[in-house]
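The data below hold one chain only, encoded as structure tokens and taken in the form predicted on its own.
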């Protein structure tokens, strides 16, 4: 039978984040003036708003989106990792312990990356929206960390894609489809998770986006 496992807000967050991260990464390797500078700044600020929304949604959103649903302790996560490709599919709907850990790591790195980007500068053509508010030498130091985290995130995205492929090949499990449709096939007796009102997700994001824009610009 099919049940709904991902709410619209979480799915939209995921795919908009994919697009914005691609734009941000591409513009990072271009000469940062004119349109590429604008793309890099605004995609980064938008990612920051998305990350803040996702953290809040992880506290008050749908059951499968809540941190309390998918984050597990070190032992449980390690036990799952040891048998991840050998045992039966994870019994609960939503993220498995490894997936939950990757979500947390991604959110932490994206938060650090976008905040550092606000203060980054190349000391020539490009500066983040808040770079002028700190010492120029310190801003250049933050820029170096910003670049390191950026490459780290690109590597993690690659690992994420490989994990999805491996999961599909070894377990014949489609992880991409449910993140598009919101539904997945489950065994009889598996209860559907509680899905939050989409209006709550919309209002929350509007408030976060307004606060981020006001605080930065």
Ligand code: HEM
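None of the values given here were measured: they were computed from a predicted structure. Positions refer to the first chain, counted from 1.
Not on display, but discussed next: the form predicted in complex with protoporphyrin IX containing FE.
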Heavy atom within 4.5 Å of protoporphyrin IX containing FE in the model of the complex - residue from 192, 179, 56, 186: 179
73, 101 and 170 all contacting protoporphyrin IX containing FE in the model of the complex, non-hydrogen atom within 4.5 Å: no
In the model of the complex, residue 154 touching protoporphyrin IX containing FE (heavy atom, 4.5 Å): yes
Non-hydrogen atom contact residue 141 with protoporphyrin IX containing FE in the model of the complex at 4.5 angstroms: no
In the model of the complex, residue 33 touching protoporphyrin IX containing FE (heavy atom, 4.5 Å): no
Partner contact for residue 161 in the model of the complex: protoporphyrin IX containing FE, 4.5 angstroms, heavy atom: yes
Contacts with protoporphyrin IX containing FE in the model of the complex, stretch 10 to 45 (heavy atom within 4.5 Å): 10, 13, 14, 15, 17, 18, 21, 24, 25, 28, 29, 32, 40, 41, 44, 45
